[in-house]
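Below you will find one chain, with nothing else, as structure tokens; this is the form predicted alone, and questions on how it binds or moves follow later.
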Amino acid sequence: MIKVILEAGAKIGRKASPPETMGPVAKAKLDSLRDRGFVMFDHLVGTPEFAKIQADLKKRIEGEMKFEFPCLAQTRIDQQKHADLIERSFRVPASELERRGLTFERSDIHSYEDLLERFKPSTLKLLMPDDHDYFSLWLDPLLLSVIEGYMGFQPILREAYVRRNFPCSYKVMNHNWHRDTNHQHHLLKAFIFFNECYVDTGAHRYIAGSVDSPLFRDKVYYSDEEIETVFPNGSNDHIISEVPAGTIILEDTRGLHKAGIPQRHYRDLGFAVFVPPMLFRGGSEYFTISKSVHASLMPGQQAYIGRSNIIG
């Protein structure tokens, strides 16, 4: 009975009328999101508030090396020895990568430059800092109003983190075209670009209008060749996110998308995943927030944080 009620409730939302309090900018963004499955926000581009977080992020990654360990080392991948993992795009538990000697720990490195030279990671992942400025950005009020208009209710922030992606020889999971499966009916993901992004620095890609398409649903990952037979590179629905730093892209990632692989430099991208509040499910393993930082947020932002994520 509970399952029936939840499924019925889950189907309400995306076609609901926008709230009367929603402003014209938010309404236009909502219309675009409903029509294409994604929408871009540029109101933070060039602002001092965003520049402050950019500088802090650089310090946390390069100076303090506060990213998540263990990390996959591309220099330890052997094409023949690890052919099975390459075939699966390394979609295996971290423990399996460790067991096969493909990772490195904090104790293995002497500096940020040292880890780049010796291990050439494809990705470094920084979990959400317990900081007011970060949570204020991840829970930007304009973004939240569009999210609530699209879903028809107030969801929760399920995941919050930053990834730094580097040039790499082997694709790792989300480098392939795929659909997210966090929730069957309601799912939105915000991508926050912390540096200017071009095709050769790992531009994100999305197939507009693919959320409800019956195509490409029979396996986890798809190649560029498979996708481009239907949605050619350069076509109107094949969206390549070449954007300035400060851009936020909100997507229904049940649609087809993939992470671009930088050919030079690196790409810093923030991730925020929004799903319905779920019964019988605890908080997120991707972030915690102290009581003091939680109290510093606006009430509408606080409502997006699960109780189990609040500590201290």
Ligand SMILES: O=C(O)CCC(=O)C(=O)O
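None of the values given here were measured: they were computed from a predicted structure. Numbers follow the displayed sequence, beginning with 1.
The same protein also has a form predicted together with this ligand, omitted here; what follows describes it.
Pick from 23-31, 259-267, 41-49, 58-66: which stretch has non-hydrogen atoms within 4.5 Å of this ligand in the predicted bound form?
Answer to the contact question: 259-267.
Partner contact for H186 in the predicted bound form: this ligand, 4.5 angstroms, heavy atom
No - in the predicted bound form, heavy atoms of H186 and this ligand never come within 4.5 Å of each other.
Hey, in the predicted bound form, is D180 touching this ligand, heavy atoms inside 4.5 Å?
Residue-level check for D180: yes, a contact with this ligand.
Residue-level contact is defined here as any heavy atom of the residue lying within 4.5 Å of this ligand in the predicted bound form; does W138 satisfy this criterion?
Outside the cut-off, so no.
I'd like to know whether Y286 contacts this ligand in the predicted bound form, with contact meaning heavy atoms within 4.5 angstroms.
No, Y286 sits far enough from this ligand in the predicted bound form that none of its heavy atoms falls within 4.5 Å.
Of F231, Y150, F191, Y134, which one comes within 4.5 Å of this ligand in the predicted bound form, counting heavy atoms only?
Going through each option in turn, the one that passes is F191.
Residue among T201, N195, Q74, N174 with a heavy atom within 4.5 Å of this ligand in the predicted bound form:
Contact check passes for N174.
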